[in-house]
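Given next, in structure tokens, is a single chain: the form predicted alone.
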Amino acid sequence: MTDKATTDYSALPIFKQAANNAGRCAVIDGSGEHSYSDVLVAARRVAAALLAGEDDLREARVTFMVPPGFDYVTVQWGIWLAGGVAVPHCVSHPEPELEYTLSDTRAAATVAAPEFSAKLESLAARHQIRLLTTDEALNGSSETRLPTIGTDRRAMILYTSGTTSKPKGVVMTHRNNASQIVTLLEAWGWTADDHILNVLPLHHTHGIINVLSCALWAGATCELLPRFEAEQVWQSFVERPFTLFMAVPTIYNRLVAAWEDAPRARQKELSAACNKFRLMVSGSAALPVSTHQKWREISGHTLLERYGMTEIGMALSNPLEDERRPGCVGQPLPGVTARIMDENGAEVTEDGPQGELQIKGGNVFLEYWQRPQATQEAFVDGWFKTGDVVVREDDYFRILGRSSIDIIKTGGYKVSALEIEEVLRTHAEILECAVVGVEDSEWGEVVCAAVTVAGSKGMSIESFRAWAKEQLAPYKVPSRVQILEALPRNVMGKVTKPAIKKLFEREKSDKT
């Protein structure tokens, strides 16, 4: 691209940072390397196409369905430069979920990569929404006058996965995003010399903020793959000069499995490739201690575990330099305040007692889109109620589970599903497991476990329960077990426990 980005980008800090790094490599994808100047120029073109002669989108919602890469960044940034609110679609979502997002946000426009335009065309027509392909958006002029965008404006809507109801749109302002990025740059030591590989979906805060936005704010390089494939990632580790990697536990488990399947000489090559990294991070789900230990053996890295959610971005993290404790998510990040509240609404001020984690800070979202009641219920005295039950141990936080999903009340005991899962994963024949509580007239809830096992014959449930009784207190031993070929998961690779609960509820119904 030969035309110049002439706008003063100082209104939004991320653009000012990009302009300061104009000549550096920003993005690498299947089409090659792209500088920060390339990104800014292309983003201006997208903004001009979206504005179509208007002076400001004034927080109009613009959805987009673009695979990871240069075009994704330019569309997202173009929406922001035009004054719009960016709403990324998951590229694997079926039509009903796409339609829900378009309808719920009352989108004014949608941008699609050519391979997705047919998927969105009928939906856009049905809802009378303007549809632009990335080719159309990128072929305009970059000389359009752009609006001045303040940091208090809405920037992005990300949808929570939803359990008992439709997903809610989580609204983040530019200030929220900036606060989160600056916090993570400080906590994890980002510099312009960093080079990170992204294999995470870009409709979720983990991929958008922790990886892509942090890299581009720091003046670093973000290399993007269209999807995760274990062998391809390992080969990238060997060939590319990466310094950072961030992923979910499922990805680390698959990388471990691929390493274990490789010949000994290849294993040595893959392990040696990890030496160039300065940091590897795990999040979005609980990291099994066994995976933590195995990855350290393979790579030499102690994974940095952190805690976050869509509404708050990242809130807690193990330290970059000091002790990283397996099974713990660390301490509050810079600029974040955390507290634990017990069932009676009193703050827990000492180590030991468990309670709900509540968060304050510039990272906390603005609102649930068009849901004022839900927004009000999510806060108490300005603190966001995470719904996660935690305990503090020597100033480190440990997540016991979701108050609604992972905390099981059985026979008067309060039991952590995550704690039981950690024990079950040590069984020689269990590959994966998920523990849920299912309503029971006698016990309140009974502990149920869904597992996948190694080998064609599999284990017997009787022998498994006998083993479990030797590992767990009686009230923690699963009273019902199902052996599955695979655990149900969502697009982020997280196990969907509501679906597992339904399996056990259906089993009980069939027996009665």
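Everything quoted here is computed from the prediction, not taken from an experiment. In case it trips you up, residue 1 is the first one in the sequence shown, and so on.
There is another form of the same protein, the form predicted in complex with a small molecule; it is not shown, and what comes next is about it.
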Worksheet entry | Site test, Ala11, Arg153 and Gly169 vs the small molecule in the predicted bound form, non-hydrogen atom cutoff 4.5 Å | no
Worksheet item: Does Gly308 make contact with the small molecule in the predicted bound form, using a 4.5 Å heavy atom cut-off?
Response: yes
Worksheet item: Asp71: heavy atom within 4.5 Å of the small molecule in the predicted bound form?
Response: no
Discussion item. Is it the case that Arg264, even though its partner is missing from this view, gets within 4.5 Å of the small molecule in the predicted bound form, heavy atoms only?
Written reply: no
Worksheet entry | Proximity of Arg402 to the small molecule in the predicted bound form, heavy atoms at 4.5 Å | yes
Worksheet item: Which one, 180-188, 123-131, 407-415, 338-346, holds residues whose non-hydrogen atoms are within 4.5 Å of the small molecule in the predicted bound form?
Response: 407-415
Worksheet entry | Interface residue in the predicted bound form among Gln331, Gln293, Thr160, Thr375, criterion: non-hydrogen atom within 4.5 angstroms of the small molecule | Thr160
Worksheet item: Given that the small molecule is left out here, which of Ala286, Val438, Leu197, Ala220 has a heavy atom within 4.5 Å of it in the predicted bound form?
Response: Ala286
Worksheet item: Looking in the predicted bound form, are the Cα atoms of Gln354 and Thr410 closer together or farther apart than here, the change being 3 Å or more?
Response: farther
Worksheet entry | Shift in CA distance, Ser416 and Cys328, in the predicted bound form relative to the form shown here, given it is 3 Å or more | farther
